[in-house]
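Just so you know, structure 1 and structure 2 below are the same protein chain in two forms, each on its own as structure tokens.
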Structure 1
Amino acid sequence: MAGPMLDVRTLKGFRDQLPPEMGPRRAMLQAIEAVFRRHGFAPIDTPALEYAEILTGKYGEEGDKLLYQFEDNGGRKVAMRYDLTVPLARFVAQHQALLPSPFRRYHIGPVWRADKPQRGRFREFVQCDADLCGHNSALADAEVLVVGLEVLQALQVDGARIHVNHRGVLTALIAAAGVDPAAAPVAIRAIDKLDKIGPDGVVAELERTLACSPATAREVLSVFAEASDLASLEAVLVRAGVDAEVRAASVGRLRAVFELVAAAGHGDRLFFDASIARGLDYYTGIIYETRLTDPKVAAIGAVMSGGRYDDLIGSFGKTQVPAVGISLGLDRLQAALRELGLCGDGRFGADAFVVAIDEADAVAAMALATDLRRAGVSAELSTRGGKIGKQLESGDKRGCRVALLVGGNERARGEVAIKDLASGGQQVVSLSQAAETVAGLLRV
């Protein structure tokens, strides 16, 4: 059986999850799922592998390069899912007859990107998505944003802002500055670097990437700089002669969405930001990115993003189905929360630790642990034996909160000693009251 010694290791960008991280992680997942369900979203799942042709060409040039692709054993060209949105589009196109409209679904699962790993960036990570397929309305946009905001609230993430923009706004602004709309993504990327390289840097970058005059570059910058909120954005677009219909569909839509989200009590989290562009090709309307405000983790990037993609489902079938969604990056968010010390205490033991003082007490200890579990108290038996001090120590280290000591003296009287591991306080109660007493201690 003993083969040659192997290097035990994990693939670059792939990670094991140990109990101290996995405990809080499960709690996060539960909270997230509860919010999704509370908003009427139904769970689905899709395969990790898709035919490569389903996924390629949906994410833009950069995204395509990051797709894991290979031939399976039957010679089929396959790809691992890069996100949950494109698989959803395929899913809706394929099963449309069976789905209600609108279709609200949530999907939690791993996705894979052959990216270069960095802090908060992994090759395998879990996304938590909520999408609403079937309607293009401000209410649909707002509903999905509210779900995202409620998730953050449920996870007790306070320092987060959602930066919101609209693809229609972007193209209108670019056109207003006298630049070919097709060049919009390139221009946005330059604008987006304003914080890092300053106004002069952006102008230089625009001249270079757009091959335009310095005057045009400055115009692009000023148009974007001026559109700092929805009111000034409207003014910029009016002045640039953008027609009313386009303004209504973009700025007007954003206004409506902001108002609706405010009605849900989350207006203070939403910010218009003309520099949000989103690299993924499939977005057609509102787009958003969530950033944590704490400077310690600002560099970790967006933790919850999404937008409207009205043409993606249609690209797989005969029917156009408008859709909007939001996607939370669980691993990245957890990494950030961990760095901020907001990610639980890493305890993973049961609440109660049952110690048999002597080997002769083992049967009684097992019976007691069973009683506790039946009463809804999580309990684990000390299996190491040996000195009581050592046993208590190991229970404490495991994160157990109370220890129950089963010994000959107490047993003779039908009693058990219950010790609070944090305070050290101890009391002796009858066996029949043990579960109740422990439950009481745990409630404190």
Structure 2
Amino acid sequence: MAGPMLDVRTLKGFRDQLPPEMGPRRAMLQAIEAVFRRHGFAPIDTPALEYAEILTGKYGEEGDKLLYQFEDNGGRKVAMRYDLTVPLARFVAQHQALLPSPFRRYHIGPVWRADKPQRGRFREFVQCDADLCGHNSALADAEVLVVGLEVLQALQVDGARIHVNHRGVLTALIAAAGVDPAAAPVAIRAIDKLDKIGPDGVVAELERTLACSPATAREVLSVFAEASDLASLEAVLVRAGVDAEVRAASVGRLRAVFELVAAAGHGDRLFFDASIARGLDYYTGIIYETRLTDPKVAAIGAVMSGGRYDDLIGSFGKTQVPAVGISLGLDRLQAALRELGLCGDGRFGADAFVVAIDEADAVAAMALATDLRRAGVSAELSTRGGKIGKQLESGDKRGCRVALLVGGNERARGEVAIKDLASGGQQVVSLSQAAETVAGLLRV
């Protein structure tokens, strides 16, 4: 007896990926990985599950609330990874004796957050991270930023700007506004919401979390607005009495990074932005967010972010290891590019579509498809049979570029008909020349 009909659906915030979406997605991943490797970053992987104690307390109160946590069948408290950075810190602390210094790693994998799903934001999504562990230098900061910018370049994302700040700048500006430095992390988390809830929302958040007056909250925002570039930032900090050593460590580091990124040819994509806060607690130095400039997708938010986290790895071991990284949100960027019409046509078939005209031609069609594949041409063998026109239509819809028709008089003569599915043009060549002919057509 059949059971009740299932309500077939996916969890909210989770998605199935259909072939038309996966084709452009795989192309993006290949381009991203190629840039990471070109800069000398090595691949690693870490488990989806960690002991809960590894992840909790690293992201701040709000981040901890978004962790998927549960007790497994062995009674262990575990959590699904929230990002790829904290697992990296655990990885480096655990395997430090086996790793070179500096250690350049990249990691591409899914992460999970019990967040509120919205446009471009999902509960399961893929991050593409590149991190440099072992050196605290402007050159290390700049190298990671250049990697991120060259990823965008490889993906042909022209309308993007990286907004850069420094945690030392944030702390100094908050102190300049009269806020107790001990409360800086709370204020930073409020300022991090500026692009989401606006100035009035941030003022209300500061009043609530700092228990301060509206005047003090507005003074915090006004100080940030006054520091519109590195020159005005320096003036604000001097006027607030911030000592030269602190200014050199923050503003001086930013100037050096900007100069190095410009030397790599990407200076026009980097902008100082005092309001960039990055709400995660583990950041210690330079921080950044990448935003798309097209107003159609501005609401999607940051598509690539990161910063320096010099204390995180040391929290898992006896040795402090400075580190800096950048993380691209694949799902959010792909959603934005799809809306802008920059994400490919969604075709997913092989380059060549091999059709047996009759049942008796099946063996020859299989042999030809095998020859094409051995020659490096992706080939799909039509298995549906039936009318040739319907089969060709199927291959065209799947994105195949050419069709090879095996059978009839051509097969008797040791030949095959090759049809360009885009132009409709057709030619007949010998079977021995088929792979070379198809390869030539694909190069055009």
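What we label the rigid core is the largest C-alpha set whose atoms superpose within 1.5 Å from one form to the other. Counting starts at 1 and follows the sequence of structure 1. All values derive from a computational prediction rather than experimental measurement.
Of these two copies of the chain, point out the form predicted in complex with the RNA.
Answer is structure 1, the other one does not fit.
Would you say Ala299 moves its Cα by 2 Å or more between the two structures, aligning on the core?
No, because once the rigid core is superposed, the C-alpha of Ala299 moves less than 2 Å between the two structures.
Core-aligned CA displacement of Ala244 at least 2 Å between the two structures:
No, its C-alpha moves less than 2 Å.
Core superposed first: is there a CA shift of 2 Å or greater at Ala187 between the two structures?
Yes: Ala187 shifts by at least 2 Å between the two structures.
Once the two forms are fitted on their core, CA shift of Ala211 between the two structures in Å:
Ala211 is displaced by 5.0 Å at its C-alpha.
If I align on the rigid core, how far apart are the two C-alpha positions of Ser222 between the two structures? Answer in Å.
Comparing the two forms, Ser222 shifts 3.5 Å at C-alpha.
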